[in-house]
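Just the one chain here, laid out as structure tokens, in the form predicted on its own.
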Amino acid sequence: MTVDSSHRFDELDTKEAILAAAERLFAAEGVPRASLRAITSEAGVNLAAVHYHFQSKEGLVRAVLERRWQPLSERRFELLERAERSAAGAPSAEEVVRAFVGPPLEMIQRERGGHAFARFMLGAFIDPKGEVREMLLEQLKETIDRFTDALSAALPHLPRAEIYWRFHFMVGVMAHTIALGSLVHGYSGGLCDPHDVEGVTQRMVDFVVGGFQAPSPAGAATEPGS
């Protein structure tokens, strides 16, 4: 039995059109308000195509997340593993932080639809219902575990709870920069260029590593790993 290659490519084009339209509408309106009918209208397909490729709206949301997060996670792990091999064990905090924050900045600036995905992610994190956030945290678990382990190895004097707090702050710095980076261009009078991926990455790494290397606050648990 032969497979019609043109039919296969048509299916891939339809699936990609739905994903791109869903990403744009999820970013602009939020997941609850972006209806499947609006998404199919934006994509130029019928409702049956969504059910064929994704089965449900929840399946479509998961696919939009996976479309970006899978290659992003792979790139992060690639950089982290490269740093681990180079260091023959535990890389420095700077190398771990760079492996975490660098790939999203590259994706947002260089991939089509990257800014829409950033807005979608920001909305997912602040959504009071938290449905998309829970899906996202499922996909992020391996990344969080790998990077907090690497940071603990790089900073063995810090209690585990402090590693999690500072990881949380790092995510906040990164999310703010990605979602609202244009602000600094405005209030700096153009002195700061949010599109300078290498420059922004280096500044963020320097800032975040300084936070990770700060002493534990008074009253915090002092036993590493606690």
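What we label the rigid core is the largest C-alpha set whose atoms superpose within 1.5 Å from one form to the other. Heads up: residue numbers just count along the shown sequence, starting at 1. What you are looking at is a predicted structure, and each value in this text was computed from that prediction instead of being measured.
The next section is about a form of this same protein that is not shown, the form predicted together with another copy of the chain.
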remark   = Exactly one of 160, 53, 67, 57 comes within 4.5 Å of another copy of the chain in the predicted complex through a heavy atom, and that residue is 160
Contact at 19, 47 and 61 by another copy of the chain in the predicted complex, all three, heavy atom at most 4.5 Å = no
inquiry  = Contact with another copy of the chain in the predicted complex for residue 206, defined as at least one heavy atom pair within 4.5 Å: yes or no?
reply    = yes
query = Hey, in the predicted complex, is residue 37 touching another copy of the chain, heavy atoms inside 4.5 Å?
reply = no
request  = Give a yes/no on whether residue 87 approaches another copy of the chain to within 4.5 Å in the predicted complex, heavy atoms considered.
outcome  = no
message = Since only the chain is shown here, I'm wondering whether residue 188 would be in contact with another copy of the chain in the predicted complex (any heavy atom pair within 4.5 Å).
response = yes
request  = Pick the stretch from 149-157, 87-95, 72-80, 132-140 whose residues have a heavy atom within 4.5 Å of another copy of the chain in the predicted complex.
outcome  = 132-140
ask   = in the predicted complex, which residues of 24-49 put a heavy atom within 4.5 Å of another copy of the chain?
value = 27, 28, 29, 30, 32, 33
inquiry  = Taking 2 Å as the cut-off, check whether the CA of residue 61 shifts that much or more between this form and the one not shown after a rigid core fit.
reply    = yes
key: Core-superposed C-alpha of residue 185 shifting 2 Å or more between this form and the one not shown   = no
